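Just one chain is shown here, as structure tokens, and it is the form predicted alone.
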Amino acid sequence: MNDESPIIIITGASSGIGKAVALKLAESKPKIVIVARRQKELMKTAHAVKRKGAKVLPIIGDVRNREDRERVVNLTMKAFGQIDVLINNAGLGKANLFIDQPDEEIDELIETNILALIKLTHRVLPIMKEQGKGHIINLSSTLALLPSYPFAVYCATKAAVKTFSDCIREEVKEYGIKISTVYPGPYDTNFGKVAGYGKSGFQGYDVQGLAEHIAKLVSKPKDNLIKPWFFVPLVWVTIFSKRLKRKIITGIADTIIKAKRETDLTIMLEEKKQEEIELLAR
């Protein structure tokens, strides 16, 4: 960390990776602005951060909304006078074969995962340029490097995050601004539940370990962070072997599709059981 407490904005901080990163960073006593749509969950994060001795400003807002993005930036500048780090963590996944995916789900993925990230970055960069320093950390996914067809739109948005980060990294380095891209694998969060496949056959790795590595990026920026570590050689191997890449991607797809079918069946049976209970109660 710098000798002065850095001002850090974290989007999607009510749960999962965002919450874990906020709590890890709080140990170094920065000033943290946390943003999310769910007020109750966000306030729980805020209280936990404050208990660790860090100053925290919770802002209820949807980063897809222009007015909310403006409010995040304006309130941060009013409270702290600068923005040192922006962690674009807000995002979601939806497991669906593209041919069956509803339009509104496609819109939600694109607007949340890439449009909101680009627009919030665009709003913050001039402030960092004026300061002569800054650091933006964008959350992509290992599925951007190993794209799988049950996640076509999600993978496309995360690949766009990678490309966007690579491009602006070269553009803004002359202003003292760093750009980092994080590529998480499967971690123990609510991602699977939100995506619609529940607890899949993937092992969910400890999100605290990932949060520790992301927190280290704040003090020691680097271009790319792929975690867990074994995804690094896996990605390199697939670059040189199309057959192996197809095998790995097919394995990921089969696992997700199987888990989604099992989850859909469980939900259907639960709904049917609830209907029977309601009929008996009449």
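Keep in mind that what you see is a predicted model, and the values were worked out from it rather than measured. Residue indices: 1-based, along the sequence shown.
FYI, the form predicted in complex with a small molecule isn't displayed, but the following is about it.
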### Check all three, Arg38, Val63 and Tyr154, heavy atom within 4.5 Å of the small molecule in the predicted complex
yes
### Message
Please determine whether Gln101 contacts the small molecule in the predicted complex, using a 4.5 Å cut-off between heavy atoms.
### Response
no
### Query
Any of the heavy atoms of Thr112 lying within 4.5 Å of the small molecule in the predicted complex?
yes
### Message
Given that the small molecule is not shown alongside this chain, does Ala90 nevertheless sit within 4.5 Å of it in the predicted complex, heavy atom to heavy atom?
### Response
yes
### Message
Considering non-hydrogen atoms and a 4.5 Å limit, does the small molecule approach Ala259 in the predicted complex?
### Response
no
### Message
Between Val194, Ile127, Leu75, Val172, only one gets a heavy atom within 4.5 angstroms of the small molecule in the predicted complex; which residue is that?
### Response
Val194
### Summary
Assert contact_stretch over 164-172, 181-189, 145-153, 119-127 against the small molecule in the predicted complex, heavy atom within 4.5 Å, equals 181-189
